[in-house]
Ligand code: KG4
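In the form predicted alone, a lone chain appears below as structure tokens.
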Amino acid sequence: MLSSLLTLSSAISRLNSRPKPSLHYALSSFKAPKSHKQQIRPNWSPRTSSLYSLSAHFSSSENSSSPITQMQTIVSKDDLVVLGIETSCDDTAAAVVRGNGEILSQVVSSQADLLERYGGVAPKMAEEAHLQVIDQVVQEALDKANLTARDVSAVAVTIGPGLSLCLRVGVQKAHKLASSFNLPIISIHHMEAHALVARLIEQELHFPFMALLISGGHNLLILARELGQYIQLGTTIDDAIGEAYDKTAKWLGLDMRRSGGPALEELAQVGDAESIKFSTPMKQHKDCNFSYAGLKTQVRLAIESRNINAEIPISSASCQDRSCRADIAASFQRVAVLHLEERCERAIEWARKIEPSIKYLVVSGGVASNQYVRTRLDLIVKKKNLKLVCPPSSLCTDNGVMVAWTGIEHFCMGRFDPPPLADEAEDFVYDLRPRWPLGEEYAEGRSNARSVRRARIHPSLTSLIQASLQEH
């Protein structure tokens, strides 16, 4: 297993055959800053710098002579300044964050108009939108931080999971910046970033903790044991909750310019949540996995049976029609979130078997901005004597802050790549991981459902880190 993981990681790594620098050399070349704006990064030698895989050069935090221990004697984490770039789906985002958690800037360019036009994410159109604004977004993030790229310690960028066309835009920009200004690159797992951003806003959030990550493309329940060490308790076997919200909003004729979720939550507030008895998904499956395909079908049939015409915007609908739409929205939301509640409650029990000391449940991702979701999950958490941690809404949706902060956490563990060489060919193959699990599956929660697609999946972030630690 170990050899196959390393082989695959090597195959997808970037020019792994070039000579590799010593990680000890890279970190020991740090210098203490003379001022708070001075760049804090390795002093790379172009002759020895090379690109290497995400897994092969991770260091162990438990080793007293590890690079992070050496680094802490040279430069404080607080002096790091990391630029984060996020383009995994439909928002182009960048942010600059200091190692002490200070957010120096945050910029997000939304694709709301495209979402409304196409009724969802159209990958090719999303890629073109990213390409049009990526330079401007990154420059604005630096300007708002009152910094230049020369002041940055490293560039963190999302390499997966996500849409490959979109991921490539951010990774290309990161490589261009890193090459031009001799900056190390930190490759970021999108879902890990959603989980770890909570540690930026909640200083008492220490490992181990649980996280429920809910967005348009993912439902994920994890136990975070250490940085980079995750157990997957449950995942999406077909459609994620955010996608179900968006589709239901579209079918109800709601305003999609700010995405379907907020519009549906607002409408549901004036509806009767008990008016339509939708079935709760997967009641017969005693695991922690999620499915929203069946609930979507129930909603679509309910809309058709009531002759609701989505071509008529809700703003132009009759009072009776609007009331009917509100009832469907409220009933859908009640059952969709009930599915979350049931899975979370079981996952907490499983997690406590492994780590009895857990105190927190982090809820993050775009859907975590939903106040109804937060309120219902807070009841479950209190029932289980845990504390709920939800980042502010601006840090729940895709953003550069979460990428930069996750980059800071991994950079301080010695997990980063040296600057790219300036002579990268135009047809250079970037390390993109559109389908990239975060953690290893918990045996009791493993699903054999047909709808779980397993083709072209990279080894999980956790397995790569574990393999590299064994190698060292």
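Note that residue numbering follows the sequence shown and begins at 1. Remember, it's a predicted structure, so these values are computed and weren't measured experimentally.
One more form of this protein exists, namely the form predicted together with the named molecule; it is left out here, but the text below deals with it.
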item	value
In the predicted bound form, the residue from Asp238, Glu342, Asp151, Glu265 that sits within 4.5 Å of the named molecule by heavy atoms	Glu265
The single option of Pro184, Gly242, Gly160, Pro208 touching the named molecule in the predicted bound form, heavy atom within 4.5 Å	Gly242
Candidate stretches 243 to 251, 312 to 320, 285 to 293, 131 to 139 - the one whose heavy atoms come within 4.5 Å of the named molecule in the predicted bound form	243 to 251
Close approach of Glu192 to the named molecule in the predicted bound form, 4.5 Å, heavy atom	no
Contact label in the predicted bound form: Cys396 to the named molecule, heavy atom within 4.5 Å	yes
is_contact(Ser369, the named molecule) in the predicted bound form, heavy atom dist at most 4.5 Å	yes
is_contact(Gly261, the named molecule) in the predicted bound form, heavy atom dist at most 4.5 Å	yes
Contacts with the named molecule in the predicted bound form, stretch 194 to 232 (heavy atom within 4.5 Å)	His194, Ser215, Gly216, Gly217
